[in-house]
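Just one chain is shown here, as structure tokens, and it is the form predicted alone.
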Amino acid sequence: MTNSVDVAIIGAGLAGLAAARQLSIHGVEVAVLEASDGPGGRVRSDYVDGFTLDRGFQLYNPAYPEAARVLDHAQLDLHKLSGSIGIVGEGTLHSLTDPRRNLLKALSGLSPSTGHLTGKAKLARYAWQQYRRSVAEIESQPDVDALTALRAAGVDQRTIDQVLLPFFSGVFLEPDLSTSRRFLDLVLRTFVKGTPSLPRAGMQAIADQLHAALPEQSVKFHSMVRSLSGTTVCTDDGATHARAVIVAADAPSAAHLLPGLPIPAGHHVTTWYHATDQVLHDGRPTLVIDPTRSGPLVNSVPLSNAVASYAPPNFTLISSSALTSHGTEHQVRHQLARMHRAPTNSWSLIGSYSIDYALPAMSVPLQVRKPTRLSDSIYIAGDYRATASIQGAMVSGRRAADAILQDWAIPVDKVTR
């Protein structure tokens, strides 16, 4: 079967959906071809026996400017993950209150074993500077790795080792703060501006909302793209001819369709979901990090303490993540008992996800705004073309759409930008 449309979009992840939304608003006919059974790409959720399992530990920050412009936050019914951080020590669990709402104020309350007060004050100053800078200023500064930037800002090594390195390992999905300072600074900026949250119905609700905004039948699921020749996209069901094509698949898939396309290395994550009838951390959504590295996990959090709908009544759902796929469930349970100060033998394993390319590496030097136009008719979008975040995915999709609108001399409504 052969179809013809204005624009074929490969991939119904957030970048592809954002591109389709922008083009559809301006009267451009789109066909979004998605290999899987639903929208969202890596931002998906499964629903198992009353539990909501996001595919990997993910959070949404309502301070993301592109996402906030497009999404209906009230409809998402966001719940803040704003309890506290627990830091595992030798025989104790240090508590850091509400770090995501006010990370730097909370740091000053930590014990001396987690770093010097002077270093924490310098970290607070550094983050506040990023909050006050424009995105353009952050993008234009000389780039170094995050570890070098934090040391240059005067943050002491103990604070880095005990707090920042284990915390940001769960954010960047890499173990040594080799991430670009530009991305670190953008993340700190959003942490100061907003509190990472979860939709009531899971992260899937973000993709579902974008999908619902598109014309009916414009997204075709179970449509694996086998090849791309010029502006003809071939799937098992036939060919789609278009005036232009946006490749919005994940980086490895895009490289397969576009030989020679440079893509960044990817970071792995494995996430386990356990359930218990125990009440953990007095009902607070405490994110526990383990700088002692006593097991494979980098963090663990009772998600249903923040969003009760993630678990059936009288149950707690715990999400725990590692940067490796080699940890056994026995090792995970042993570490979880230490992290949450609770017996874990009776906990039920609800599900687990091992994701090879969970996030693209944001390596030095980071070019935040990569070109969206590859040729006269081929465009590209994805978080690896911007930043490894929901913000990056959505803004890259909209920019690719805007490039087509500009090339076709279609005026862009400023409200949609």
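Heads up: residue numbers just count along the shown sequence, starting at 1. None of the values given here were measured: they were computed from a predicted structure.
Only in words, not in the display: the form predicted together with a small molecule, which the text now covers.
- Distance criterion of 4.5 Å from any heavy atom to the small molecule in the predicted complex singles out V225 from the list V225, L123, A311, I160.
- Just one of L366, A388, A31, I350 comes within 4.5 Å of the small molecule in the predicted complex, counting any heavy atom, and that one is A388.
- L359 belongs to the set of residues with a heavy atom inside 4.5 Å of the small molecule in the predicted complex.
- By the criterion of a heavy atom within 4.5 Å, L257 is counted among the residues contacting the small molecule in the predicted complex.
- The small molecule in the predicted complex comes within 4.5 Å of no heavy atom belonging to D290.
- Contact between Q58 and the small molecule in the predicted complex is found at the 4.5 Å heavy atom cutoff.
- Every residue in the set L14, A248 and D383 has a non-hydrogen atom no more than 4.5 Å from the small molecule in the predicted complex.
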